[in-house]
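The form predicted alone is given below as one chain in structure tokens.
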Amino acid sequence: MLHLFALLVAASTAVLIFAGGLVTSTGSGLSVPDWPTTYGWSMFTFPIDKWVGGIFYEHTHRLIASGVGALIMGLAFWLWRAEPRRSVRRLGYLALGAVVTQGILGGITVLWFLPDAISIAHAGLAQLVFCLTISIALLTSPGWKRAYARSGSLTNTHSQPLANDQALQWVAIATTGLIYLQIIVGATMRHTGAGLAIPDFPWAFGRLVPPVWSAAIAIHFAHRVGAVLVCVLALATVAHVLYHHGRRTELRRPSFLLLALLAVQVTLGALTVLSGRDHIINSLHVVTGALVLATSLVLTLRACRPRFAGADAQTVSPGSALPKPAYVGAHA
């Protein structure tokens, strides 16, 4: 049940990111100029008939954020009461602290009239909150606790114990880090109004490299270059998985999902420009970026699973000790 609740919290966080994308894409960030109230009302009693125009997007975003905050508070409490692993409990506390900080940043963003730095930090922290909830959902899953000890899933093609593949771990970590950096560049582009600084795609003013430059064009072009680099590094990660660990379903599945989400993300990025930043397409681009990051994170954590084996064994209570993974002895 804890795992299912963690999945619910992660899903609700993704919804919140989409709602935040709608606020930015529709320019509704100051539609409600006060905080934490809404035109002097409690946000929970603000009349529905006044949810019009940009107020609808901003007010709905605040309500969803409040709900997510409550869910993460419940998750942290549940972990404190029921989770024997200290490291996982700490992730819950960190997620709670992050979502509280996120709410405060959201308030400051409104009260200070959308300063770029605070708005970008708000967007970046939202992605970290999502990553924390995804991590908790993974670490509380039955597969993680079993160390993916299904038949054939932890052996290579020669049925020998799988080595601790540090090459895969490092390339996966690099991919995840680059994806997060790319998201920050995208947030910078959105919040500085550079989303249409280069109005054509896939070219830049009809050329491969922009013939003219400004701060906005540089930010936009950096986002495009970053997308290429993310695709190259993600392809390298997936190729490594398929070549060396093709039988490991817990690595193969997120690899295929990562490729599919990247294809969708690139398509949405192109459509965002070609549609003149349609607010639905732009918001889908934002939340799909979060899903790409989360998928890469899951792949990374699973690739690094042998590193967690000892810590998991040491932090469980005696009555709930996890079975020793079959591959631990191979790395001792």
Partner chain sequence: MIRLFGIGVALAALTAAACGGGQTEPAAPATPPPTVSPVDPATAGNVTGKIAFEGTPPKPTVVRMDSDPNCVQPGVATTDELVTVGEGGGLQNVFVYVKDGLGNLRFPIPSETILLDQKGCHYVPHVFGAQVGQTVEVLNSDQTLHNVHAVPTANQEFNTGQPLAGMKHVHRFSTKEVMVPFKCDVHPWMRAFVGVLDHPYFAVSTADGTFSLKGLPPGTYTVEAWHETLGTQTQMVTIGASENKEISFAFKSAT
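Keep in mind it's a predicted model, so treat the numbers as computed, not measured. Residue numbers count along the first chain shown, from 1.
Another form, the form predicted in complex with the partner chain, is not on view; read the next lines as being about it.
query: Would residue 113 sit within 4.5 Å of the partner chain in the predicted bound form, counting heavy atoms only?
result: So residue 113 counts as contacting the partner chain.
4.5 Å heavy atom contact, residue 282 and the partner chain in the predicted bound form: Residue 282: no, not in contact with the partner chain in the predicted bound form.
- prompt: Even though the partner chain is not shown here, does residue 55 get within 4.5 Å of it in the predicted bound form, heavy atoms only?
  reply: Yes, contact at 4.5 Å.
task: With heavy atoms only and a cut-off of 4.5 Å, decide whether residue 35 touches the partner chain in the predicted bound form.
output: Residue 35: no contact with the partner chain in the predicted bound form.
- request: Could you spot which one of 304, 30, 63, 266 gets a heavy atom to within 4.5 Å of the partner chain in the predicted bound form?
  value: Looking at the other structure, the residue within range turns out to be 30.
query: Every residue in 77, 80 and 90 with a non-hydrogen atom within 4.5 Å of the partner chain in the predicted bound form?
result: No, none of the three is in contact.
Interface segment, criterion being heavy atoms within 4.5 Å of the partner chain in the predicted bound form, picked from 37-45, 66-74, 267-275, 287-295: Careful reading of the contacts points to 37-45.
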